[in-house]
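Starting off, we have a lone chain in the form predicted on its own, written out as structure tokens.
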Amino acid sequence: MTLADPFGRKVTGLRIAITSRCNMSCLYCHHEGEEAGPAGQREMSEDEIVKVILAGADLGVKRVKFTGGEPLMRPDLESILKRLPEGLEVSLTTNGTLLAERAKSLAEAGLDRVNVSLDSLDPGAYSRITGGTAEDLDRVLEGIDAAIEAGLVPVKVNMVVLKENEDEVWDMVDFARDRGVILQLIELLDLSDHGLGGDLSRIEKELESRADMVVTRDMHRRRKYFIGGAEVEVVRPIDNTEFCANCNRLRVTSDGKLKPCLLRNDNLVDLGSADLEETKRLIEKATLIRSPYFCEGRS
């Protein structure tokens, strides 16, 4: 079976926030689009997470990405991974501070690859952006190395381009080349217009001028630049109709709601205590109310 919304966009992936808790305070964090809830709000149990993934897999979902908060704050993540059906591509996005000690066990439990947030190699800038310490930065670097050693590849390093760090982009390109990781330069999702974002357009022009080869991916029409052995991908979600046109994901909030769009909270579908068959029906319902956030004529 294939899930498709009224715009013909197939749903082949689930992006699941398994906790809203985090040990960092990144200044650009959008909390996976979740509205702030009360302290100690409910988060999905292991059984609930496994159930929504099983339901999705029965409906044709091929890829699952675990997010948070910081998903490695869940001690039961390895247990969740071991219960997933074969054939799924399972990835994780993490700030990396807790990755070094768990990379091997996550890989053994069934995790395929990781995305690690790393916005700066400079301890001062890292602290200003994330609220972390120089020791946290060291742990992230150790986590990246551990992920590579554990086979969680390709490791992707996510750098949100800000005014604070835009001058470090070429250092990060060198880092990606040296470590054999993919660098993702991400446009700031800053709908509040706080003026934090860096000049990604200028950077991308320079990437193009230096690139040995440029490839455009089908997903979100992302451009990949190959520069002297480094692989750099540019992610532009802001006011990007092509980004929405190629969206293939449903999101699941940490408290158990299906979220058809990152940027909307007016069309959530509550999974509640649904059994497996009802969960399938709710996934189908959420798919049918998906609508591109960025589209022609949207005010």
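The numbering used is simple: start at 1 and walk along the sequence shown. It should be emphasised that the depicted structure is a prediction, and the values quoted were computed from it without experimental measurement.
Here the subject shifts to the form predicted in complex with a small molecule, a form of this protein not shown in this document.
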property	result
Complete contact of 120, 164 and 198 with the small molecule in the predicted complex (any heavy atom, 4.5 Å)	no
Contacting member of 84, 98, 189, 211, with respect to the small molecule in the predicted complex [4.5 Å, heavy atom]	189
Sole residue of 62, 30, 264, 236 within 4.5 Å of the small molecule in the predicted complex, by heavy atom	30
Distance check, residue 155 to the small molecule in the predicted complex, heavy atom within 4.5 Å	no
Contact label in the predicted complex: residue 15 to the small molecule, heavy atom within 4.5 Å	yes
Contact of residue 93 with the small molecule in the predicted complex (heavy atom, 4.5 Å)	yes
4.5 Å heavy atom contact, residue 71 to the small molecule in the predicted complex	yes
Interface segment, criterion being heavy atoms within 4.5 Å of the small molecule in the predicted complex, picked from 155-163, 98-106, 135-143, 224-232	155-163
